[in-house]
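As structure tokens, one chain now follows by itself in the form predicted alone.
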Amino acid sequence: MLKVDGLVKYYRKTLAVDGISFTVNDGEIVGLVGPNGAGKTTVLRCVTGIVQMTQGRIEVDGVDLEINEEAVKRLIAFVPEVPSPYEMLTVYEHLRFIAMAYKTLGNFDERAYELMQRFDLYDRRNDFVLSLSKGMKQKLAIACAFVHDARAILLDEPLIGIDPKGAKELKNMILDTKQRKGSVLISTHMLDTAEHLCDRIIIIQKGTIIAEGTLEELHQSAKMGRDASLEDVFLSLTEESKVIEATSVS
């Protein structure tokens, strides 16, 4: 479903992403983890077309982003770490606007009602977005991502700032997306969530992939037993990568 091949991104002379390649298959949840500044958000922004890649190829459902950006954007939904909703719309109007943009108004009222109920937005449906708390805005951004029939869902730290019920509902919706053979890519620092939710994990550091695979495969890469947590594996592999880099530089 989602294929990234040789992705490179420079911000002027700063190399943020260095030749990353990976695939998220149909019905698969993939976690993108790494230290601060590793390039996770840049990868997501390049995939969504928000940031133009310097080099590489990105495809969603066989459609090339560079050739047909509009078609790719119709296939994906993106929840940024810090949402910027239209504050002078009401909650209901905001959801309807997103559905209109994606031309998916057919069953909008039913879908919007379900999403607003699940994320405790229904009682605020006629309130301006401006009046919402940060956590409520985050839940609105999540609801907007699921209001149309996206084939690939991209989430950047989606659980930060939302309450336990909202977090549980989001996890259930991610699993629902997997069940209907959609693809999900999640960037997160919450390693315990990634460990229990994701089918595969991609660990990136300084813009490159240092490890990728199932939790069992990552255990093997880190030479750790099955009882080791993803946090243990992550710390081991990232520290090992630092040592290798320091050795090669010296």
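One-based numbering along the sequence shown. Everything quoted here is computed from the prediction, not taken from an experiment.
The same protein also exists as the form predicted in complex with a small molecule; that form is not shown, yet it is the one meant from here on.
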In terms of non-hydrogen atoms within 4.5 angstroms, which of the given stretches 29 to 37, 54 to 62, 215 to 223, 195 to 203 touches the small molecule in the predicted complex? 29 to 37
Among 20, 237, 16, 230, which has any heavy atom within 4.5 Å of the small molecule in the predicted complex? 16
Exactly one residue in 93, 127, 114, 81 has a non-hydrogen atom within 4.5 Å of the small molecule in the predicted complex; which is it? 81
Does the trio 48, 74 and 108 actually contact the small molecule in the predicted complex, every residue with a heavy atom within 4.5 Å? no
Does any part of residue 41 reach within 4.5 Å of the small molecule in the predicted complex? Heavy atoms only, please. yes
